[in-house]
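What follows is one chain in structure tokens, specifically the form predicted on its own.
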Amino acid sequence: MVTFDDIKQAQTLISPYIQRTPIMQSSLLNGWLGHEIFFKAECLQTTGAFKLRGAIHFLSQLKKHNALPKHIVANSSGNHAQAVAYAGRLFNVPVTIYSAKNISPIKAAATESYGATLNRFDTRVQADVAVKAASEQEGVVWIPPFNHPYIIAGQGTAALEALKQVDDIDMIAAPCGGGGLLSGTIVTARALNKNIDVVGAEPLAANDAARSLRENRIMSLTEAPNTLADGAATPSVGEHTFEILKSVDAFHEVDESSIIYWTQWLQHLLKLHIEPTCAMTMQAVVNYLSQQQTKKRVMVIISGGNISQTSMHKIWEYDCLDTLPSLGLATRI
């Protein structure tokens, strides 16, 4: 099990290589909701997402133990691919990425621009099988997207940084794909203040984690999900992340219309390029706040900002900005 000491050590190891991302607020949103919402802008991280934290930590640990490999392989739908490609270039190790053909074109282009070779497969499952086979070759190391203690500890540094930047947080929220970010957030929050609630969000169309938590066993998606939140379209959580995810305080499944709504509003209010995968977390925040009797201070991890033109077109196909955010019934302008 990953510990808070692991996360603190990860912070020390990766600090020379990553950005200390800022905290953002919207006074309009705070006024409409009646609570204080803080946003940890990991969309401004190098490579555009929190994933760099885990990838850098993984390779930093190998370097620390004089165990850097001859070649790195990884499987990813995009943000992890970019992070591993960038980290591999930083540590002078060649990288090959295995991905489904539906990878976001902008994420694919960025991955290749960092020098990685990108192998595309018809499905994510096929890519996962191929990367496993490649990892069995001599001198090759597989950096998984979430299911490894080094990755979880690295991703947990985002919450550690955020909760050091802002005091007296009552709740922290993060999206969940494979669970690396959310499980790292849980470990961090529990260590810093056991009274902080941790809330997760997942697309309803890719709700393997929610089903796993209900069934108390890891459940997998049977087919590729149709969701704009492509960063949370993983087939299943892993055994390392699932054990930690079991202690989450609340977990919400978010439909596509809510994902679109919050992507539009957060881009508008924060003036940031925000991915649907993390924008959906705001629906979980609203669900949480609607049950509260006192004013709360909430931290939301904006996990990434890499969006393809196709996704942007779908997001802005119709206007959601004529309906103001609220905790009750929607308020039309």
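Don't overthink the numbering: it's just position in the shown sequence, from 1. This is a predicted model, so every value here is computed, not measured. We call the rigid core whatever largest set of C-alpha positions still superposes within 1.5 Å between the two forms.
Another form, the form predicted together with another copy of the chain, is not on view; read the next lines as being about it.
Determine whether any heavy atom of W265 comes within 4.5 Å of a heavy atom of another copy of the chain in the predicted bound form, and answer yes or no. Looking in the predicted bound form, residue contacts with another copy of the chain include W265, since a heavy atom lies within 4.5 Å.
With a cut-off of 4.5 Å between heavy atoms, is Q309 one of the residues that contacts another copy of the chain in the predicted bound form? Contact with another copy of the chain, yes.
Is A67 close to another copy of the chain in the predicted bound form, meaning a heavy atom pair under 4.5 Å apart or at it? Because no heavy atom of A67 falls inside 4.5 Å of another copy of the chain in the predicted bound form, the answer is no.
Contact flag, T117 vs another copy of the chain in the predicted bound form, heavy atom cut 4.5 Å: Taking the distances in the predicted bound form, the answer for T117 is no, it never comes within 4.5 Å of another copy of the chain.
Does another copy of the chain, in the predicted bound form, lie within 4.5 angstroms of each residue among A130, N147 and Y288, using heavy atoms as the measure? No: none of A130, N147 and Y288 comes within 4.5 Å of another copy of the chain in the predicted bound form.
When another copy of the chain is placed as it is in the predicted bound form, which of 24-32, 293-301, 280-288, 50-58 ends up with heavy atoms within 4.5 Å of it? Only one stretch qualifies here: 24-32.
Heavy atom within 4.5 Å of another copy of the chain in the predicted bound form: which of N195, N102, S247, S113? Contact with another copy of the chain in the predicted bound form is made by S113 alone.
Select from 292-318 the residues with a non-hydrogen atom within 4.5 Å of another copy of the chain in the predicted bound form and write them out in sequence order. G305, N306, I307, Q309, M312, H313, W316, E317, Y318, in sequence order.
Tell me, please, whether between the shown form and the other one the C-alpha of A109 is shifted by 2 Å or more, with the rigid core used for superposition. After core superposition, the displacement of the A109 C-alpha between the shown form and the other one reaches the 2 Å mark, so yes.
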